[in-house]
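First comes one chain, alone, set out as structure tokens in the form predicted alone.
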Amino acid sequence: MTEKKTHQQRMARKKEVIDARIASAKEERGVLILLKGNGKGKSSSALGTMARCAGHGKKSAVIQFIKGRRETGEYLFFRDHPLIDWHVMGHGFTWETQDKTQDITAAQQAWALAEKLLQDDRYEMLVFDEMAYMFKYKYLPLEPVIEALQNRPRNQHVMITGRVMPERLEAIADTISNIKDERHAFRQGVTAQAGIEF
């Protein structure tokens, strides 16, 4: 048997398996996606997915729980998009602010907005960027967040980013991606650069 024929047969078998999986997936609803891990690209992945939603005419919103900068490339790109509402709620990373009271107040304000968006069926995609840190630092209680996520509009998608996710949040997630850190230019002395890190 030729290599070409062997390849065709293998791909035909693979297609049968994939087609069967596609046929068995009948439920259509919003999904909860967690992007975690020490690697670079969690927020970029979430925002890329949001861009995909916007390409299909779906309304989205972003809440940044920690990042307090408005000059990031993604903010500058998306801020005037008619289908995307962008909310920079944080004041920066905790080691920059060095003010726990201010950070907790900012987290509570961000959550108050997030809770409203989780009740608004006009939004088909919500990105809660760096929200996982709010649980790690105990700036927000987890239970009200889980309850709001479970009671959101049926077709609303939510993506949450952050290095470490609480187990109870992972238990209700539909998709979890763990982005590993194998190497980072910063540790080799390369400065953070516009368009790459921000």
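The numbering used is simple: start at 1 and walk along the sequence shown. Keep in mind that this is a model prediction, so the values were computed, not measured.
Just so it is clear, the following notes concern the form predicted in complex with a small molecule, a form of the same protein that is not shown.
For the marked spot (G41, S44 and R187), a heavy atom within 4.5 Å of the small molecule in the predicted bound form is present in each of the three residues. Stretch-level contact check against the small molecule in the predicted bound form with heavy atoms at 4.5 Å: of 134-142, 147-155, 33-41, 54-62, the positive one is 33-41. The small molecule is not drawn, but in the predicted bound form it has a heavy atom within 4.5 Å of I196. Interface residue remark: D181 is counted as part of the site for the small molecule in the predicted bound form, having a heavy atom within 4.5 Å.
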